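The form predicted on its own is given below as one chain in structure tokens.
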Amino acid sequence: MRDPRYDVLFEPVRIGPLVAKNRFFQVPHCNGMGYRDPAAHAEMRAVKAEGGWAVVCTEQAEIHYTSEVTPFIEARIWDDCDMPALALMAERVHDGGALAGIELAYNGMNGPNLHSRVVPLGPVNLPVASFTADPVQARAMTRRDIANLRRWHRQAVDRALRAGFDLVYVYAGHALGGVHHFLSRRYNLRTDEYGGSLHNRMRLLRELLEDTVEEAAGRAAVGCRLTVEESGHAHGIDRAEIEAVIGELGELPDVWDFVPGTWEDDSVTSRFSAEAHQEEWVRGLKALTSKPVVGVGRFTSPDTMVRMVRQGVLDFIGAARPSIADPFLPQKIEQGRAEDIRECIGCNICVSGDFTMSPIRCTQNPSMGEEWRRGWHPERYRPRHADERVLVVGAGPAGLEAAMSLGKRGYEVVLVEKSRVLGGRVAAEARLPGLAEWIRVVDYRAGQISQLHNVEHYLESEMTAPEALAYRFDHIAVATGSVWRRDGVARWHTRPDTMALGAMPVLTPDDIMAGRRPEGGRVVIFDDDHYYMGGALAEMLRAEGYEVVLVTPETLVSAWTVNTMEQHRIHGRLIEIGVELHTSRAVVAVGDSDVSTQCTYTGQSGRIDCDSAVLVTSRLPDDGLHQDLLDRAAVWADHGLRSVRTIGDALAPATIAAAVWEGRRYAEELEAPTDDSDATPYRREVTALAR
């Protein structure tokens, strides 16, 4: 039964001609599938509708070939050729009982047009504001261009309605849309009726809203996604301006969706923001319009959601990342199962799908992006094929996911862990600066396992091959994790004999997370991993009083975190706290009282005095148990053992998300592993040849 405290979240809310069944609103979000994987994309949205979201939206849908964001893969509604894919999505969302929304986007200066190769259009002549700093300039739009844009937008609205969408967005947010560029003094230096005063700069927004309302003609609701702050720039959109915009246009659309001025500020990782961090920008805006307001804030707590509504901050609880981590979040609150929510950890692995043009993924929800491809569901599991017992060795992210998923399939599972706690690397890494919410990966799975009578777990139980065989399990999953190397081998040094090691103490991340600390007061961290670990260790040691020098062969610290939109924050944080940064340099030798470095471009040598070194390079699978079991393959049948597989970091060290995904795959494929398959083990969509 639903807790009465949360009743307000399930009140219906009118959006123009529509009624949303509750206040849960999956706002538009990218997914790396877009126009390329329409069936997979549609099924991903369908599962959210099934999970109880009242409104489920697309990502930005490009309305015209003159404004496309290649290499990124978003939705397209250029012409009628795109309608079948979009119609499928609307249909599947409707099947789940939700309203289907589409975010129509004219990307303007954010679209380099690398596919169409036509010159981009913007308010003035400026380089495109793309993520990849393309050597492309947009030309200033003429009145004729603006008239064309208004016509193209009307045509896109018409197609959206014919495709079956209930809610049509005018996109003016995140500095990603052409309307934002017209609205912001940062980009708009025009002197005609579309520039200068705020009234003029909002003219295009007004015209597109009026056009969309007229075209929709009550057949669909109209939404507007609007930037509410761009305070990081001297001439950016500010609060006074946005209040004036809402004061003038507040009654035009049927719903307002308020967002910060950049995607990076909208989807801040948990390392740098807490739940509801956007409240400071949105609070008070709802009072300026009679129309309902949606906003986001990585909401995972039902109590915070209720506060947003009760205090008049929001009408709808908007979500992108929490809806990815748990598509069934609304249903679980409604059914009084808040403890079963798979809470978003704010790692932004989901965002990396868009930045790497690959299908969306999630650390907490391994079924994300696999709903159609592999038939995985976040809540439903296929029943077991036989009455069999499975031993899972290692309770890190892969082992926990495997044990939980196998248990939900109905298998009898025993999970053993050599340490005193569940979680493996997650339990250790969650103690690093800013990563505390990552422990949710462990908490969710431990909580689910505690509800399964057919899954047992034992701590401080180191397993050997003879002991594992003696228990007569049908299957054994080895999820024993990995260890960080201390010989420097990774990307720059691919052989252990290329980094000379002297008498200086050399530590690894495992040493630091286990409580060991560098000797002396000055430490060099060599980061050839390029994800979060090097920067997090530097921040932690600096906070403990060490003089820290971070050396990396990349031009940026924690370079891969560009894909999780936090690199600029990590880099800035390290500068602010006094970490000495040496980029484009590799450590080539660790001496007795210094390290030798080399410029990655010129080979020029250098040296850094220090007392200790920490090598954040690569990891080795801890697969000794697997090898011991393979050596005894001849006696497996005597012990009733049918299969042994290594999963997660013990197979190949990667992200926590990858380890969780491997745990789910093991459980899904227990009866028929696909590792040696000659056929592609998942469905894919192949482009048809045009006539």
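Quick note: we count residues from 1 along the sequence shown, nothing fancier. This is a predicted model, so every value here is computed, not measured.
Absent from the display: the form predicted in complex with a small molecule. The rest refers to it.
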message = Can you work out which of 172, 138, 167, 393 has a heavy atom no more than 4.5 Å from the small molecule in the predicted bound form?
response = 393
task = Could you spot which one of 535, 223, 111, 399 gets a heavy atom to within 4.5 Å of the small molecule in the predicted bound form?
result = 399
ask   = If you check in the predicted bound form, is residue 482 within 4.5 Å of the small molecule, heavy atoms only?
value = yes
query = residue 334 near the small molecule in the predicted bound form, any heavy atom under 4.5 Å?
reply = no
query = Is there any non-hydrogen atom of residue 553 lying within 4.5 Å of the small molecule in the predicted bound form?
reply = no
ask   = Quick one: is residue 647 in contact with the small molecule in the predicted bound form, heavy atoms, 4.5 Å cut-off?
value = yes
note = Counting only non-hydrogen atoms, the one stretch of 152 to 160, 240 to 248, 415 to 423, 279 to 287 within 4.5 angstroms of the small molecule in the predicted bound form is 415 to 423
